[in-house]
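Just one chain is shown here, as structure tokens, and it is the form predicted alone.
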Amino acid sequence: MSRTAAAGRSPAGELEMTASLRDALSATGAIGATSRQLASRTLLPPDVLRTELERLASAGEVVRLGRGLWVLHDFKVLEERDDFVDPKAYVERFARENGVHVGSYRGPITFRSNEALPVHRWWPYVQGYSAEFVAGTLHRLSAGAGTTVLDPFAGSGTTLVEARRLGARAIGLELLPPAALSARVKTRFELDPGDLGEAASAVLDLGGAGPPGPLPFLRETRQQFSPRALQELRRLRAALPTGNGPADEAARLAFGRILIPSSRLRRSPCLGYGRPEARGGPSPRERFAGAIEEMREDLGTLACERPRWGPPATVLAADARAFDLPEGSVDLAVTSPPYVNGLDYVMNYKVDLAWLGYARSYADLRALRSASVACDNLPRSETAAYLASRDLPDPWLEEILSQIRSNVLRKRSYRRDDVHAVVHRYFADLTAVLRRVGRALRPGGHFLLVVGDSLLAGTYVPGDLLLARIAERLGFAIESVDVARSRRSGQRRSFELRESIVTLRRLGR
């Protein structure tokens, strides 16, 4: 019996079904559609739809991409389409219009290389960058005693640690509270290892005998941890010191460090499930004690460098778009801003925010997100002013935003219909940061940004090149754009993205 007969459909009915499915995929274009979305568009029963998709895939007419997306074969390789502007085209255009050829950087760039380094290992920050890259940059640009180094997106403090170790005055801005805690603790080189040991012993003693504290507000907390780990973490959390002294904050940082390793979660780079429950692995108490011991050991290592230390670092809970430093007071700025993509830093660190008490409700998470540089989960109220493509900081954005809007309208059921406004708001946010840093830098001072490009709604967005072009309009010279590594798009694993180092120099006398 034929498949058609078995399904009870006539050849004409099957042709109509196939045409309906092709039309639905054609409408979604480069973005593609999930099986559920296709079922909604075609009204085909799920089992029939699945069978037909598999048949078309076997025939090479449709392709399944990551995250369960289906696209017509014509949209499989975006770079081969005449209506797609690919990374190479933008690189060539950048060289033609801005006179800068994109180069390459061969050293380490990701935070992973920091995970075994003293001090830097105290709180792994997957969105951070390499201490070796920062140290090399500071040496190359003669940042040391008598100079001031700024990081407007300080993260876990990599720039600040390396600047202070070289004798510079280090200033960092950071709105994400757990990251700011890390930056403060990591740059307190004077912390006495004995004081830290006493604070940790008190936590372990109280945490072993006292009752477990309340659960954080996150609804999924019991799913995130095994019962045994959850019980120990609640006891440790209840025993943490609440003061703002150096040893108190260091103990809280050590606790924050063990949360994800003690859970069923992983960050790589986005928070999600993926860690099997450890059997026979270290308990949270053992992890906490180990984290404290590493901190004490590293403080001893730092003590040997004491004659070279710069003054105590300044870590401000300040918005990089609106901070105010004296004009010309900074010699060098080094940072890695958020990328123009779907990564939501607040949700990625919600476990840390909740367990460390920086957020006590989902309303607190929403408020923190609203105060941050634009990302994919920004509330719609924050993008309303950017729905129209006006007051754009760069001409390239007009065509990019137009293509994003067109693709989303074509898809109809994309995750949000204002993606173009999110991208517009992102570059407006970063323009404000460039202005503030430009004002704070002395003439001739440098600003280095480690930043990536993106693929959003089937449209390529050259974030690194756009930021360089915007900076040029604001009074910077573009010294170089160097590709440090390749990345993969979350939408299409076959699509190659990059992470670049953009080096700018402040013009003026």
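Heads up: residue numbers just count along the shown sequence, starting at 1. All figures in this text were calculated on a predicted structure; none of them were measured in a lab.
A second form of this protein, the form predicted together with a small molecule, is not displayed here; the remarks below concern that form.
S.K.: Note which of Met295, Val340, Ala320, Ala333 lies within 4.5 Å of the small molecule in the predicted complex, where distance is taken over heavy atoms; exactly one does.
M.R.: In short, Ala320.
S.K.: Name the single residue among Gln127, Thr383, Asn407, Thr137 that comes within 4.5 Å of the small molecule in the predicted complex, judging by heavy atoms.
M.R.: Contact with the small molecule in the predicted complex is made by Gln127 alone.
S.K.: Look up in the predicted complex whether Glu174 has a non-hydrogen atom within 4.5 angstroms of the small molecule, and give yes or no.
M.R.: Yes - in the predicted complex, heavy atoms of Glu174 and the small molecule come within 4.5 Å of each other.
S.K.: Residue-level question: is Ser372 within 4.5 Å of the small molecule in the predicted complex, judged on heavy atoms?
M.R.: Although the small molecule is absent here, Ser372 would touch it in the predicted complex, with heavy atoms inside 4.5 Å.
S.K.: Please determine whether Tyr345 contacts the small molecule in the predicted complex, using a 4.5 Å cut-off between heavy atoms.
M.R.: Answer yes; at least one heavy atom of Tyr345 falls within 4.5 Å of the small molecule in the predicted complex.
S.K.: Given that the partner is absent here, does Pro152 sit within 4.5 Å of the small molecule in the predicted complex, heavy atoms only?
M.R.: Pro152: yes, in contact with the small molecule in the predicted complex.
S.K.: Since the chain is shown here on its own, which stretch among 237-245, 119-127, 92-100, 385-393 would lie within 4.5 Å of the small molecule in the predicted complex, judged by heavy atoms?
M.R.: The contacting stretch here is 119-127.
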